[in-house]
Ligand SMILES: Nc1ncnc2c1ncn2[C@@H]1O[C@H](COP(=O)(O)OP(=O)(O)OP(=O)(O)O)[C@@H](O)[C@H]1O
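Have a look below at one chain only, the form predicted alone, in structure tokens format.
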Amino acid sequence: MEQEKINMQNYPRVEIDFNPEIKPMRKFKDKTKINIRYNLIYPFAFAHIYWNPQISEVLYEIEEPILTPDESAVLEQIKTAMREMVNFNVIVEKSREALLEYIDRMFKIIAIELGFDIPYGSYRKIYYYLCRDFMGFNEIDPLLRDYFIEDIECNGANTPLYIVHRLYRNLKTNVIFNDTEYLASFVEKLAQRCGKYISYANPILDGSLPDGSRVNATYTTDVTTRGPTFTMRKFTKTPWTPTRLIGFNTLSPEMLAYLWLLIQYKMNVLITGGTASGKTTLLNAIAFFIPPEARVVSIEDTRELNLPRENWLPSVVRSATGLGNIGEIDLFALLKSSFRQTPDYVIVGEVRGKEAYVLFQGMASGHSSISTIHAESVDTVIKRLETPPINLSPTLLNVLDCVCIMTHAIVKKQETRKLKSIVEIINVTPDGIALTNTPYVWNPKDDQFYFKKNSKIFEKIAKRYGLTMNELDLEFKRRVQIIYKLYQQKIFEFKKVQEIINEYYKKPKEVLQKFGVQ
């Protein structure tokens, strides 16, 4: 027994990399050829995406260490003992390194106390599952760590989880919660990590995890007949850069150059589209074009924006902490407050209600604003803004300069996102009829982007800032070339793209020379 104790204590701590390097992923035109594997939690968890000819479907499988029956029994006993000894809800706030060290130490103490003789190979696997379940989110932890996953969907017990993959879209996984009670306890864990409470009396959860990922969950069969459910919209710590969007053929260099000029000259931009059409992705991408010295204030329901800048004040709404909406801070209150914080740019994650009035008043008073709204066209945007619960005056809508319309599309049998059109708002009549100009449009027939030269917003910029149309046109062409050169040279990295854009604001001639632009 003494010899066993010495051996267990001498085991080196298992090295686990929870953030392995993200490598570019190939997109297959023929989905029957898909067969890729990549790291999620090295060296223990991998994603395997492949075509299954038996069901004619692309599947997403999590590959983790396989435990023998004896190893599974030891794991359950260790977990039970650790739950009784430790309040992990308290220590989960510790640093990752401290937690890994703590779990390793507790594992060894409990294993020796229970008299287990565990070979190091088994010890490594069990340690991984202890870390995954106590520090992370059990079976779905590898999914949450997959950079390429946008949404995780559980439709109840005894049914596979589905994910929305950035490249391969809706995929069925091999993760299944077979026990309704276990699934219910997992949903309780999600609620705790969101700092909220879910029960039979309050069976619906709407919250955010510490990393910003959005969670919506239900608790009882009274609400969802298959038992507890959850949907998670992941928060992307590193947003797609403008050059990445060109690589995905979401938009064209001309569209980006046009938006760059609009952002620089403080035009007001509204991004519209359906659910998961890429509105926030585009918002994050064009935020790269905000001048480096500008002060930015952002307001969101759930933290999704990630701006590569220092002079940025991010604000997030706070739910009520008791009855009667005590302690609630909503978008309306945050937005009113934001205009007292001397912002150069105000970014609102999504407008849905009375906060739209404050936003448009801010635009009218000279605060450049960028926001998103659920709508499929300019006419729908106008109607949403003019009718309850927003009820804006049509004349106030004239402060809006540009509407970008995002859409989901099927191109060559592949799901994709496109910037369908950029529409300039020239005038909105008292009757709510919008006079518009559409300088940029995507044609689904040939999957090409087209643009015309006459821009009413460029004319507005020229008048407001004392520029000539020739000067603006030359600047537009230069920026198109710079953006395309960045794409050609595969400059996709978050910080590098921002550095070059910032450098262009400060030393334009040097950047033009560097990239060989006339």
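From a predicted model like this one, the values you see are computed outputs, not experimental measurements. Throughout, rigid core stands for the largest set of C-alpha atoms superposing within 1.5 Å between the two forms. Don't overthink the numbering: it's just position in the shown sequence, from 1.
Note that the form predicted in complex with the named molecule isn't included here; everything after this is about it.
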{"item": "Joint contact, E254, V441 and K452 to the named molecule in the predicted complex, by non-hydrogen atom at 4.5 Å", "value": "no"}
{"item": "In the predicted complex, the residue from R132, R124, R417, K108 that sits within 4.5 Å of the named molecule by heavy atoms", "value": "R417"}
{"item": "V403, L262, L335, L245 - the one with a heavy atom within 4.5 Å of the named molecule in the predicted complex", "value": "L245"}
{"item": "Distance check, S298 to the named molecule in the predicted complex, heavy atom within 4.5 Å", "value": "no"}
{"item": "4.5 Å heavy atom contact, T250 to the named molecule in the predicted complex", "value": "yes"}
{"item": "Proximity of G278 to the named molecule in the predicted complex, heavy atoms at 4.5 Å", "value": "yes"}
{"item": "In the predicted complex, R166 touching the named molecule (heavy atom, 4.5 Å)", "value": "yes"}
{"item": "Options 424-432, 76-84, 388-396, 280-288; stretch whose heavy atom lies within 4.5 Å of the named molecule in the predicted complex", "value": "280-288"}
{"item": "Heavy atom within 4.5 Å of the named molecule in the predicted complex - qualifying residues of 338-353", "value": "E350"}
{"item": "Large Cα shift (2 Å or above) at F148 between this form and the one not shown, core-fitted", "value": "yes"}
{"item": "K460 C-alpha shift between this form and the one not shown of 2 Å or more, rigid core reference", "value": "no"}
{"item": "Large Cα shift (2 Å or above) at K477 between this form and the one not shown, core-fitted", "value": "no"}
